[in-house]
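Just the one chain here, the form predicted on its own, laid out as structure tokens.
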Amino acid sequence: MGRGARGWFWLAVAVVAAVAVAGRTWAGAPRPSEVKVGIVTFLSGAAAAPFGIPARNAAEVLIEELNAGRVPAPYSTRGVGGVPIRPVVIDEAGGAEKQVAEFRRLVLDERVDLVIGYISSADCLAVAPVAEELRALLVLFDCGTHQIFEERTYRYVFRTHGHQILDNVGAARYILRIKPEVATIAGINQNYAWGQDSWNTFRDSMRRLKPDVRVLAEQFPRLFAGEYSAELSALLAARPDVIHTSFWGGDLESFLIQGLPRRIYERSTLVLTTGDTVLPRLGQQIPPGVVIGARGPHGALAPNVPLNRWFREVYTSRFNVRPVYPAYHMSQAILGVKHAYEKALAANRGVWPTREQVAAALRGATFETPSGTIRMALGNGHQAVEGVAFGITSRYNSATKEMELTRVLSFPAECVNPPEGMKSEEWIARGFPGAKCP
């Protein structure tokens, strides 16, 4: 072969190779045999039974039903775009440093396609920057601190439920609806980001909505302290009209069990922003007159829509107890991921999407859940907004083995969430500009 012929030969080879590469790029990654999802939730410790295990159970039953194609519309396709989901479940216990290491292991060693996880606000704050560093898709399913998307921006990190602002602005609005004469308030909250943020939001919202309200006590015991004699004595001595707490898990149960014999509920109205989790666990031990929240329209306060009726039935049938709000939060994350993958698949004409394409599909998305419609409306489309509901315990129902809730009021997302581009503290300080409340 002459020099000219050889030149043309190698040019042809290069062109063919380029076309092949272009073809592979156009075709995208091959359809995988499974979508591997890291699920991180408390499986041990004080937060496991009331929070972590219900969330794990929700993931288990929902993934099984999705893989079998038994979930109602709009989620009736099997798995994710026909590809089965395989969960890899990890215990969240151990603290933020351990969770950062576990996250790296899930992404780099287990090679999961994405991670859904984290109940603790401290864990979420620690893991989110690592996800961005690794360019790993992370969906936060339960932690509530508003700082995550108000302090920095992310490309690969999402949260598919509302943050603590809706809980505590909603709690303030609810209290002033049912007790407009309230004059004094107090709080007992865990001494870390979640507890401090929750109390500050409730206190400042009450002051903004009713400027003559006085704060009589602010208690901040350490996380998972478990013993609250001193704090209860201080609250009993202060005798506020309302006591607010964002305690969760074992802390909330311990506080109630220790406070009820001292009849703290007779002197003050207790406001439990995470109270839904104790209804099935403590049953008749909870007295009447306690305000119960579920961190959104979840659990006992979830809407009567077909997807919720289905979810409640399959969960209760499997685990012999109704789903509490962490289970609903987990369902929102999983269904949001399915929605994003299948939206990206459709936009890509059936070609399997990259993680960047999935992230783009979830950014600003609107999708249906057992708790109603979720909109990814804050944090440049990475933070969900939703409404919130509260009720007050009335009488024990022997059939459900729970205290019934009366005087249930719902507040839409537009009433209890700041607008895009405005920090939560500024929104409250300025008197909730743009809020649309019934």
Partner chain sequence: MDKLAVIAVDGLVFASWLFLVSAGLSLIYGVLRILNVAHGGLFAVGAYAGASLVVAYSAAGLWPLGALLALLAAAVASGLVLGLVVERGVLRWTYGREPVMQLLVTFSVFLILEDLTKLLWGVSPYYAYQPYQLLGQARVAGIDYPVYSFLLLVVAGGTGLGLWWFVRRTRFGRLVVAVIHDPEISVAMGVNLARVYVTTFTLGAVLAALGGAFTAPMISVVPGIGVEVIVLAFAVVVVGGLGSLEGAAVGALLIGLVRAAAVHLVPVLELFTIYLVMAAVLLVRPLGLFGRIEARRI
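Quick caveat: nothing in here was measured; it's all calculated off a predicted structure. Positions refer to the first chain, counted from 1.
Absent from the display: the form predicted in complex with its partner chain. The rest refers to it.
- Of the heavy atoms in E227, some are within 4.5 Å of its partner chain in the predicted bound form.
- Although the partner is absent here, A237 lies within 4.5 Å of its partner chain in the predicted bound form, judged by heavy atoms.
- At the 4.5 Å threshold, heavy atoms of P261 reach its partner chain in the predicted bound form.
- Its partner chain in the predicted bound form comes within 4.5 Å of a heavy atom belonging to I53.
- Only one of 402-410, 366-374, 45-53, 64-72 places residue heavy atoms within 4.5 angstroms of its partner chain in the predicted bound form, namely 45-53.
- Scanning V314, A359, V290, L282 against its partner chain in the predicted bound form with a 4.5 Å heavy atom cut-off leaves one residue, L282.
- Only one of V215, L209, I178, I257 comes within 4.5 Å of its partner chain in the predicted bound form through a heavy atom, and that residue is I257.
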